[in-house]
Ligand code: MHO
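Quick setup: one chain, the form predicted alone, written in structure tokens, and binding and motion questions come after.
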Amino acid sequence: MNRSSPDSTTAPTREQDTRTLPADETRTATFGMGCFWGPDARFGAIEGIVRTRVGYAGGTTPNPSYHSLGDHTEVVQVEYDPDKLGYEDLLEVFWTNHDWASTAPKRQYRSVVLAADDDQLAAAERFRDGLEERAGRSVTTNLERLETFTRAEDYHQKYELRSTPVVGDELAARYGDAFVDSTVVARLNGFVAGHGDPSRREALMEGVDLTPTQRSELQRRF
């Protein structure tokens, strides 16, 4: 495919991020599967995922924040290319990468699918029913419609990459406001957490303009 979106001249991987799909050509999926740092990295490493962000959803408390969450849940929201991934593919990742058979100790960390529309809700119901049949036990995951999504504070976004400050801080400074929505940053965030295909990691690294020290630090995390 040869699609493009407005580029950012401050991005260290300018040629790669100019190939990122614009939002009107992607679809969105939202999941709660415990602490949102891990899912953000896991989804970000998947080819076909365009953007990731973490936030709060599933409750009624106005203006939730990390220290005033109310009845909301930590969730990851992903934008994906429907020509490369189906919603069912994301449900597979969701249900195979967290504990869906136990009740979370806090609503903050509950297992929940927040469907964007009736089609997503129906797909989640089919997947849940099939999983219960195969596993022979009940799925505790809540299936709901997404009402609102509040983006979490910046220090929660791309947490794994930010945990490598010599690299994360540099990329955050170069990308500025585009840091969270960058496909390249999403991939790197997943790669430093140990996800993704090694050959894809190396291919991406070839296009990242970093110092030898920064590159070495990333390689150490892979």
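Note that this is a predicted model, so its numbers are computed, not measured. Residue positions are given as counts along the sequence shown, with the first one as 1.
There is another form of the same protein, the form predicted together with S-oxymethionine; it is not shown, and what comes next is about it.
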| request: Look up in the predicted bound form whether H156 has a non-hydrogen atom within 4.5 angstroms of S-oxymethionine, and give yes or no. | output: yes
| message | Can you tell me if Q120 lies within 4.5 angstroms of S-oxymethionine in the predicted bound form, counting non-hydrogen atoms only? | response | no
| field | Exercise: Y175 in contact with S-oxymethionine in the predicted bound form, heavy atom 4.5 Å | value | no
| query | Is F179 one of the residues lying within 4.5 Å of S-oxymethionine in the predicted bound form, judged by heavy atom distances? | reply | no
| Location of S-oxymethionine contact in the predicted bound form, chosen stretch of 82-90, 104-112, 125-133, 139-147 [non-hydrogen atom, 4.5 Å] | 104-112
| message | Looking at F36, F191, F43, F31 here, can you tell me which has any non-hydrogen atom within 4.5 angstroms of S-oxymethionine in the predicted bound form? | response | F36
| Across 52-73, which residues bring a heavy atom to within 4.5 Å of S-oxymethionine in the predicted bound form? | Y66
